[in-house]
Structure formats: structure tokens, C-alpha cells
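In C-alpha cells, the next block holds one chain alone, the form predicted alone.
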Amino acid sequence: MALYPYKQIPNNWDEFYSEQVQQDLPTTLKAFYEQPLLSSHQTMQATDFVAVDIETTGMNAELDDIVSIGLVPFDSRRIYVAQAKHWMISSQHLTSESIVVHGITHTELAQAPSLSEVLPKLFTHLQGKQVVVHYRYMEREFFRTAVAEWVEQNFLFPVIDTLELEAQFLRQQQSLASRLLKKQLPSLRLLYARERYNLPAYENHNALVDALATAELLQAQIVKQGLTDIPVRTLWR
């Protein structure tokens, strides 16, 4: 099976998952794909989510490394902080620029496991849950690239992208004149999106904290944007 080009995703997720199960995959990755996808009628209020965030040595999934992964399970009403996970990942490509952004140093990563050691654990915690991210071209593309390098297989899955939800909502709120003039939207960065929902300011560029912030943002979006009874599949990206 050919690997999907950068940023390309399957046209039919059900077929893709069926194809993946037939592949010679590591046990934990196969188990991930053996979990049935959500039905077409499953709503946001009836779904188990997991928010995921990463810190990296740069923005290019083809060239840069993941140095930290955070994930937080939640649903539309509760966040299960006790089940949250945070991993540091070893890297040979830390730069002074990336250290300034996320504060992760060579010393902190000296004894950290490799990404190939952490990925099976990640698969287990994503299994059976709807993945939520803020800007899907980071988390999904970095994971896709990492797995392709590890086992030469696709690792793709449908996500709910809180950044895209926010962009769509803000466009709907624009006046006709603003839309005709293609007026720029307010900032879609996680910090500023949260401000619009009166959510507290957190430390930026910590994978676990940002995963928590993303979970809280989706909960707020579900309420304010009236997404409670919306089928999850309609928001897949």
C-alpha cells in the first residue's frame, strides 16, 4: 500500500481503516485500527475524546523531531486529568531556537525514550477515542511521518480540529461586508481562541498543558457553537 503524500488524507475513512487492519502492523497499531469508527449518528455529547499536543524541534514534519507529547482524555462535560499522559522524547536535533519556544533542553532529553518506544503507548491511549487537536497539520502530520519512518505504513485518523472549528464560527459571525472584503479573522492561536470563551490563560508550549487547553476549548465550543447534538463525523477533518 502506497503511503499518502504530505497533508493528503483518505476520502473514505471506513475503507481506510479496513485496509489498515489487513496490513502487517505492530500489535498496538493494529489494535488501534481494529476499534470501530464512530457511527454516523454518534453526537458530540455522547463521545469520548482525547486531546493531543506535541512540541517539536521545528514546524516541518519531514525534517524536525517530536520532543514531547501530551494527551488528555475528556468528554463534553468532564476532563479526566488523572488519566493524562506526558512523554519526553529523545532528539538529536534540538536547536537554540526551538529551546527558546518550548523550554525543553538537552539535559531533559538525555535519558528520554525514543519516539519508537513511545508510539506503542500512544496508540493504546488513542484507541477507541476521538482525537482532538488544535491545528491538525502539526500533530497528525508529525505522527504520520514518524510511523512511516518506523514501520513504513500509513498512520492516519480523523480528527476534530479546534482551530478550524473556531475559524468557521468566526466566519459565520462576520458581516456580509467583512466577508466580501475578505477581512482577516482574529487570531486563531490557542491562547486567543481561549480568551474569546473566557477561559484562563495557561503557560504556552507545554504539550500536556496545551492538550488540556485544547480539551477545555472544545468543551466551550460545543456549548457556545451549539454542537452538542451534532454528529461527530460531520466535523471530521
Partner chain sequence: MSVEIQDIITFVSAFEPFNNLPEAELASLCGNIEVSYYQAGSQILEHGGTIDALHMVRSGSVEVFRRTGELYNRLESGEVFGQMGILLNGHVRYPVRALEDTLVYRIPSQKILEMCDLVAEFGDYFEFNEHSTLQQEVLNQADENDMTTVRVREIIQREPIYMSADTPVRECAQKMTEQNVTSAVILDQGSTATSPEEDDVLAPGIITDRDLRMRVLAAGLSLETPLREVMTTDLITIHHDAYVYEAMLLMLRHDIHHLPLVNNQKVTGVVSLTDIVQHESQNSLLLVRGIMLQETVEGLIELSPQIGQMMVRMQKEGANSHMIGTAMSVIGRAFKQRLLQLAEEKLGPPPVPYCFLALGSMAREEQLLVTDQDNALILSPNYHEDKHGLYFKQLADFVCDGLHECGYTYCTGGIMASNPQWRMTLQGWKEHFSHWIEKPDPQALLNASIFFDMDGVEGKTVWAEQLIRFIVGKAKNNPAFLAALARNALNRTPPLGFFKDFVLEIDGRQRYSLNLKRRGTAPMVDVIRVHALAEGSLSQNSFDRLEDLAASSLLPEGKKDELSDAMEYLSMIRIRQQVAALEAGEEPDNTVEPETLSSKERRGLKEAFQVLSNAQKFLRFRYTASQKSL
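Bear in mind the structure is a predicted one, so any value in this text is a computation, not a measurement. Numbering follows the first chain given and starts at 1.
Missing here is the form predicted together with the partner chain; even so, the following discussion is about that form.
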### Position in contact with the partner chain when the complex is considered in the predicted bound form, options M44, L208, L37, L29, heavy atoms within 4.5 Å
L208
### Task
Go through A112, A148, I79, A167 and name the one with a heavy atom inside 4.5 Å of the partner chain in the predicted bound form.
I79
### Query
Going by heavy atoms within 4.5 Å, which of 168-176, 184-192, 50-58, 199-207 lines up against the partner chain in the predicted bound form?
199-207
### Query
With the cut-off set at 4.5 Å between non-hydrogen atoms, does I9 touch the partner chain in the predicted bound form?
no
### Query
If you check in the predicted bound form, is A84 within 4.5 Å of the partner chain, heavy atoms only?
yes
### Query
Should L212 be counted as a contact of the partner chain in the predicted bound form, where contact means heavy atoms within 4.5 Å?
yes
#### Entry: Partner proximity in the predicted bound form: A220 to the partner chain, non-hydrogen atom cutoff 4.5 Å
yes
